[in-house]
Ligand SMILES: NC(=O)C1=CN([C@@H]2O[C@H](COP(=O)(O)OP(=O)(O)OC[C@H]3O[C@@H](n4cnc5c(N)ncnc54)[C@H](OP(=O)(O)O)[C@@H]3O)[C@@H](O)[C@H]2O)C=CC1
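Here we start with a single chain on its own, the form predicted alone, put down as structure tokens.
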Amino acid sequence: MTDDSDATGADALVRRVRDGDLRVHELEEHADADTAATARRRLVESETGVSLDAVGAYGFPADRADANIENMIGAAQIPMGVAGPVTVDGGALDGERYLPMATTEGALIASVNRGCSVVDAAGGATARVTKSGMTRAPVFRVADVAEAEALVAWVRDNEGTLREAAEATTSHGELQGVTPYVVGDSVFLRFRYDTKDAMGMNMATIATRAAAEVVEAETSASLVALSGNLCTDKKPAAINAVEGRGRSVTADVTLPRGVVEERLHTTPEAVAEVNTRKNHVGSAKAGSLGFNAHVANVVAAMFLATGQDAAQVVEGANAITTAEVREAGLYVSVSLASLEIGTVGGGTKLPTQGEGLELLGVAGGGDPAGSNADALAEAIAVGALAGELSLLAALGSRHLSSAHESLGR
């Protein structure tokens, strides 16, 4: 959001950077956020010879992004569309919803939209959050395994003390438990928190730091790293698939045989076989942590549309899709083990992402606390279900390549 009125101030800042009077990251200390972004962009343009006109044509005040970006030069705009409406029978989300999706992958929203229409033809999807909790797992050094065992015993006897220290750092987070893991002279303590409507990584980190200080003060253990990678954040990990991280959520639907045959041009038997041989056998042979067709597609698109941490798509794609033939037709489910999301904080404060949340009816804190994040999880799960159903059906009917060809993708 810039115009020519910024020229004088921005050009002056550029000169000061070139003269060595200012560094690139210091510009906001000497001008408003938009002028600083303009100056930084012009500096980069002049030094690289690249025009950044499109990057500079953003539609919100730059200071709205202060908490989300450093060295801002503009914005990367991603096309946003909607799939649906789709009917959701959730524990926190109920009724018809459009699903906002931001993506550059052609045919994705068309595919999910087809899945939504078929789900609706069956009366809608059911979705439930089955587990919730954000984790942080510091690693401590001890002398030997005997000292490790003593630390584990101390933690189990003093969880209340750790809870008091952790919860003193936040007015919202609640410590659900601490699980110890011993590897030689390393002891990992996996703290798990109820972070309500926040994704909660910062909350969990700050709270765990306070608890770790108590551990060091009361035992012989020494903190090596506040994150010991057993959390596990932004990396593929079996512990998240088994124990969950963020929200564990499942969505399912039973499609009448007639709907499958008439709307998807295939059969329940064909879809179930594709799912077994592709998503289960193929994924097992590949050593995959996700037993699904393309859950990451929907998770990524809805993350970008609603201001979630895009790197946590790694965990969000940790999902299992099931499909089986029943007397009533075709039963399909998608279970996402570790969906790390929030409706407050982080990128949810940005204008377009906030509108995406408002479109779903889940912006801000929920009543009761945590219900909006649960509702967002259910919406993403239903979107993933629709996407899985559409792709499996396309494979079962051998229409996948023709669909891409017809859409020119």
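Computed from a predicted model, the values in this text were never measured in an experiment. When you see a residue number, it is the position in the sequence shown, counting from 1.
The same protein also exists as the form predicted in complex with the named molecule; that form is not shown, yet it is the one meant from here on.
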Close approach of residue 345 to the named molecule in the predicted bound form, 4.5 Å, heavy atom: yes
Taking the named molecule as it sits in the predicted bound form, is residue 280 near enough to touch it, meaning that at least one heavy atom pair lies within 4.5 angstroms? no
Does the named molecule come within 4.5 Å of any heavy atom of residue 195 in the predicted bound form? yes
Although the named molecule is absent from this view, report whether residue 56 comes within 4.5 Å of it in the predicted bound form, heavy atoms only. no
Which residue, 304, 137, 175, 199, has a heavy atom that falls within 4.5 Å of the named molecule in the predicted bound form? 199
Of 170, 158, 322, 186, the one that lies within 4.5 Å of the named molecule in the predicted bound form (heavy atoms): 170
Pick from 143-151, 120-128, 201-209, 324-332: which stretch has non-hydrogen atoms within 4.5 Å of the named molecule in the predicted bound form? 201-209
Need the contact residues for 232-248: heavy atom within 4.5 Å of the named molecule in the predicted bound form, sequence order, or none if there are none. 233, 234
